[in-house]
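Below you'll find only one chain, the form predicted on its own, shown as structure tokens.
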């Protein structure tokens, strides 16, 4: 693993200002009580949120846009995404299993993945519904990041994990002097990581793990699905905001163009077929379908975990449905 280097926050901000001329750089910016990715410019660099979970938009939206012209979607310059939380980086595992399958490789997804540079960010705190540790993930990047960024006071620390990260660090070194991090500084970063990890584990100790959840879902009776689905309005927000849900429609356009548009299994008529048949017509059946897909069917087909514990589906739900409360209840009844 490469060394950890550091530079001052002031130099880092100046560096981003210069890099924004050659790259599209996206970073989380705070708005009211939430943060989301914005394209950086000289005016909003000072407003970047560091080491705090989590942007409202999942990383998947950069790789699989809500609406994407698959014929023309290959004309954008290399881009940097800064401040990606570990839950979103871990979601890339299953996205790549699906879209980079050796027999059915998606060239549009592959092109975007190759042309983005991912700068992951440690989480030094947690939000109410964060539960990454319940499914075996850490609240700091361990995979799929090109560079990991941590910050202590007014100092920014960078560690490259990939050749793309090495190249970007080399570019940074050509513009700004980088210094090797001291052992005591690395220990402070690790202490912060361990502290938040333990807090997450303790807070979510009643949530069953990924495998156990799948078993509970398969055994659950119809009554509990009806009860929890009672306030669902079929808006599809849970699936749309999820970093791993990627159902889509493929729309043909004149000129042999094909447009991929994000779809969601919670939307009415999602499974509607010819002759009017719809196996997901009933609301509670449609509601259960999403959890069966995420915790039962995907583990049967893929090696990667299909829920990374970001909690966005709970936060986005208009009906105030909390999947963690559902799983805890199922676990207690087991």
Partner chain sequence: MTASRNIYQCIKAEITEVIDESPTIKSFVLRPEREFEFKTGQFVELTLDGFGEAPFTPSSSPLEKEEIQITVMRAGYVTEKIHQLKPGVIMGIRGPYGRGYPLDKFFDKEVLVLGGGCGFAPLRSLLYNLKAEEDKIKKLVFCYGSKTPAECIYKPYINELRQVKKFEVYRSVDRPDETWTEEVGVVTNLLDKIAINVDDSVAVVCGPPVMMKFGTLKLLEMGYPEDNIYLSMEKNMSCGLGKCGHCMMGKYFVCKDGPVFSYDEVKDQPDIWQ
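Quick caveat: nothing in here was measured; it's all calculated off a predicted structure. Numbering follows the first chain given and starts at 1.
Just so it is clear, the following notes concern the form predicted in complex with the partner chain, a form of the same protein that is not shown.
Participant: Would you classify residue 174 as touching the partner chain in the predicted bound form, given a 4.5 Å non-hydrogen atom cut-off?
Facilitator: Outside the cut-off, so no.
Participant: Would residue 98 show up as a contact with the partner chain in the predicted bound form if we use heavy atoms at 4.5 Å?
Facilitator: Residue 98: yes, in contact with the partner chain in the predicted bound form.
Participant: Taking heavy atoms only, is residue 198 within 4.5 angstroms of the partner chain in the predicted bound form?
Facilitator: So residue 198 does not count as contacting the partner chain.
Participant: In the predicted bound form, does residue 270 come within 4.5 Å of the partner chain, counting heavy atoms only?
Facilitator: Flag for residue 270 set to yes.
Participant: So, 36, 39 and 185: all three within 4.5 Å of the partner chain in the predicted bound form by heavy atoms, or not?
Facilitator: Zero of three within 4.5 Å in the predicted bound form.
Participant: Counting only non-hydrogen atoms, which stretch in 305 to 313, 28 to 36, 276 to 284, 42 to 50 is within 4.5 Å of the partner chain in the predicted bound form?
Facilitator: Only one stretch passes the 4.5 Å heavy-atom test: 276 to 284.
Participant: I need to confirm a contact call. Of 252, 230, 223, 194, which residue comes within 4.5 Å of the partner chain in the predicted bound form, counting heavy atoms only?
Facilitator: That would be 252.
Participant: Here the chain is shown alone; which of 113, 247, 235, 152 has a heavy atom within 4.5 Å of the partner chain in the predicted bound form?
Facilitator: Contact residue from the list: 247.
Participant: Let me know which residues along 297 to 315 have a heavy atom within 4.5 Å of the partner chain in the predicted bound form, or say none if there are none.
Facilitator: 297, 300, 301, 302 sit within 4.5 Å of the partner.
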